[in-house]
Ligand code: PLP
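Read the single chain below, which is given as structure tokens and is the form predicted on its own.
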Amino acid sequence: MSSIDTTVIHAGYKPGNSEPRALPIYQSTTFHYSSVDEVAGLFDLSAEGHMYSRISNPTCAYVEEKIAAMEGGVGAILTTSGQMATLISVLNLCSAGDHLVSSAAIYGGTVNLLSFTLKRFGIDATFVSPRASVDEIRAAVQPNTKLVFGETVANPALAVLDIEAFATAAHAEGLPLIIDNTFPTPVFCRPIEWGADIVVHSTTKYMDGHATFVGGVVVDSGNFDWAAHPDKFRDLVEPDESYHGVVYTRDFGRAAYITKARCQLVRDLGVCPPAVHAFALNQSLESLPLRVRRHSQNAQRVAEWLEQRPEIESVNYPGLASSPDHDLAQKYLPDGICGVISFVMKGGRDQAAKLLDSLKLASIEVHVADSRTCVLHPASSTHRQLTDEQLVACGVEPGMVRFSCGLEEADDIIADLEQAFAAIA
């Protein structure tokens, strides 16, 4: 299926004769087998099927198949959160003593994960600019580096990654590129087509789109040749004694990475989402293209309107001609970007806080990508512990507002902002 609009509806679950038309919820932890040999085949990974819902579940499996098709991958794994998807994608390649290179413009929670939590487990990270050249990225690689990481559109910096440059640098060093594609979704960008090897999402955001379920997903492109670098990826090319000596590259070919992630990490860490969460996600995915196009259109209109307001110091949205990332957005995201913008209020922290308190349609939330417009003042919430000087140092202006445009009529969103500006004048 070439059209994303068709893929989101028809990929994954396909009912047989007299079977339910809608994806069923397989609300069961366990499954029935007719013989001991059938169970043995599952544990040897020589037969397909489900052994226990901590590892796989039919409802989840159908949604995984759908998302893999949306991104153009060979397989996917649903997880309990976007953070867990990122963690699984990294731990599937890195062990204590290893290193990774990442774009510095990524979600703050991912910065904490890579900089602090993984460091406690002996995995180090080096950060480079999202606009780093191929040579600069390669210069950050060390002998123990196992992967390169970045975000298509960073949350909340909205920096657009030069995916081709990062892919070129990673592959020149014999490394895979992992991309977080949460904000654009595969509707606006499919990083695998630009050279990415693994794609992760927080399905909590646009894929769910209704602020109801936390979740994540890892997608394997199947394109990286792990066997060509046996010294770097021993766990993929050497026998796994926890599964009777299976060799993932030999036995699963292009699906080696995603199979290893499920058989080792999902099995041992227990990060499986409930079947009912996968069912709800599947329903949301069917309307994803319609929703994200409206989100992006609203954001473009609101950003252009904000640029003309005297109360605003600056507006950050890659769809604006004034954005330093506009050319990259035109290249990688020609049909839309996302619904999230940021802007800096004149008057700093106090004026930004007053604006948020005066909004009526938009609600103050620690969230983005909801069907309802939501807004946050980082200096008063997520970055509250920092001084104004520290805020500037980490790229967050004291007067910065993160604004996530919902699915309402754009004129109504603008009217809400207009009345809020009038209230604080």
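The model shown is predicted, which means the values in this text are computed figures rather than measured ones. Sequential numbering from 1, following the sequence displayed.
One more form of this protein exists, namely the form predicted together with this ligand; it is left out here, but the text below deals with it.
Contact check at 4.5 Å (heavy atoms) against this ligand in the predicted complex: all three of Gln83, Thr182 and Lys205 pass. Of the candidate stretches 285 to 293, 70 to 78, 227 to 235, 150 to 158, only 150 to 158 contains residues with a heavy atom within 4.5 Å of this ligand in the predicted complex. Proximity of Gly215 to this ligand in the predicted complex falls within the 4.5 Å heavy atom cutoff. Remark: Tyr107 counts among the residues lining this ligand in the predicted complex, judged by a heavy atom distance of 4.5 Å or less.
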